[in-house]
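As structure tokens, one chain now follows by itself in the form predicted on its own.
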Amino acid sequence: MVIDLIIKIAILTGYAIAGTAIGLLFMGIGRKIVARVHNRVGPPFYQNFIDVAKLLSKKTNISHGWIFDLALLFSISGILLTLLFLPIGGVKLLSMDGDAFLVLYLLAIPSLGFALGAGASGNPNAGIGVMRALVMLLSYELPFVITLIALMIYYDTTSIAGIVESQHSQWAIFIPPFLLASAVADMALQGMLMEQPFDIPIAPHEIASGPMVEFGGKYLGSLMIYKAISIVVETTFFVDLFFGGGVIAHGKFSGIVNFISWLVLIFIFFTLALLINTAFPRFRIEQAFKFYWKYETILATISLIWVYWMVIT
């Protein structure tokens, strides 16, 4: 019993460390990519590891109360719990019927954590940023949920692991209605990652990074860890839904092959988000809301109807 508990704790710790390391590496490579697009050299790819270590080693004296202190812990716990429900390279840690809806709820926890922290800080820029973040959450979740429902109808399961396993013979991206749905979900992913044109909640030149304005020292280091894990979680969710979790091999050595396939795929879509970021200016909040609830929702509904017609015929 004790040994099993230790093994489970070790696995959970390993997931957290691996997710953080991969996310920080992606963030570092992403800074280099954006710098090259802007015709700059940019920092070394390992700079984020140095920054996190330096920030976590600083002595933080400024606090706005215990709610502010616990806000980031609340957000990091939510994103870590989400990671445990997502199959990685076909390997699942936690899975159950209905966990697709559970993951959607868990992804909303970080926004609530930032809302608590921003409210406790009393900074007006933080409050504006949180309000924008909640509006963005309401905006991109509608088309994303519609595409998720289409997947659940087609594969007849509400489990993410079930959707992944159903794609072992053919990834959803190669099925015509899901090609359209994947484009919708990718734009929703752009909003989840808060990359331009949907970086409205942080908008450094407008509201001084919004919810992050009062975070410094250890708080900022923890925020970077949260961002790193969220990159892995959100891109993995997309790859699980439309690319079968990156599973391309079965049998001997399939574990390492599928892990590499998953890693390459999530990096590709993170890079795509960065390239869109460098090509488009920031939307206003009403423009982003209109984009998701009008154009994206229409396309998502078309894909849902298309899938329903395929199933009943």
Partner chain sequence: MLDIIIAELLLAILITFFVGKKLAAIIAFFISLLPLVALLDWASMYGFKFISFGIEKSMNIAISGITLHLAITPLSWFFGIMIFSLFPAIMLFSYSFYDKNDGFYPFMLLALFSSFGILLARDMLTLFLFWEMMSWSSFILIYRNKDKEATIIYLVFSTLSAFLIIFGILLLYSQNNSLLFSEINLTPNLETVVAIISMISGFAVKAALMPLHVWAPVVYSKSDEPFVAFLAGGLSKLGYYGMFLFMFSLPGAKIMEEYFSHISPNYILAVIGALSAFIATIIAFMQDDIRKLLAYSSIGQLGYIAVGLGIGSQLAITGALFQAFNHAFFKAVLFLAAGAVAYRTGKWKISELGGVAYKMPITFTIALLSIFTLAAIPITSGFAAKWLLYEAAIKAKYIFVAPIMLIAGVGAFLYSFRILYGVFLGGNNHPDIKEAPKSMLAAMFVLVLPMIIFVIFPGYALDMMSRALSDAGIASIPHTVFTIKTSLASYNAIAVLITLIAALIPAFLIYKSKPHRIVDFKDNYLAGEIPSKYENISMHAAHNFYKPVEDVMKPYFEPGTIEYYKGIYKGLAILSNTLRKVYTGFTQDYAIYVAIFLLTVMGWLIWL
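Under this definition, the rigid core comprises the largest set of C-alpha atoms superposing within 1.5 Å between the forms. Bear in mind that the values here come from a model prediction, so they are computed numbers and not experimental data. Positions refer to the first chain, counted from 1.
From this point on, the text means the form predicted together with the partner chain, which you will not see here.
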Within 4.5 Å of the partner chain in the model of the complex, heavy atoms considered, which of Ser57, Gln47, Ser254, Thr271? Ser57
Interface residue in the model of the complex among Met194, Ile76, Ala183, Ile175, criterion: non-hydrogen atom within 4.5 angstroms of the partner chain: Ile76
According to a 4.5 angstroms non-hydrogen atom cut-off, is Ile67 in contact with the partner chain in the model of the complex? yes
Can you work out whether Trp171 and the partner chain are in contact in the model of the complex, taking contact to mean some heavy atom pair no more than 4.5 Å apart? no
Give a yes or no for Ser230: in the model of the complex, does one of its heavy atoms lie within 4.5 Å of a heavy atom belonging to the partner chain? no
Does any part of Ile276 reach within 4.5 Å of the partner chain in the model of the complex? Heavy atoms only, please. no
Can you confirm whether Tyr15, Ile33 and Val91, the three residues that make up this candidate site, all sit within 4.5 Å of the partner chain in the model of the complex, judged by heavy atoms? no
Exactly one stretch in 281 to 289, 244 to 252, 260 to 268, 33 to 41 has heavy atoms within 4.5 Å of the partner chain in the model of the complex; which is it? 281 to 289
Those residues of 84 to 119 with a non-hydrogen atom no more than 4.5 Å from the partner chain in the model of the complex are Leu84, Phe85, Leu94, Met96, Asp97, Gly98, Asp99, Phe101, Leu102, Leu104, Tyr105, Leu106, Ala108, Ile109, Leu112, Ala115, Leu116, Gly119
Did Leu304 shift 2 Å or more between the shown form and the other one, C-alpha, core superposed: no
Take the rigid core as the frame of reference and indicate whether the C-alpha of Leu12 shifts by 2 Å or more between the shown form and the other one. yes
What happens to the Cα distance from Leu86 to Gly98 in the model of the complex: does it get closer or farther than here, with a change of 3 angstroms or more? closer
Compared with this form, is the Ile229-Gly98 Cα separation smaller or larger in the model of the complex, the difference being 3 Å or more? closer
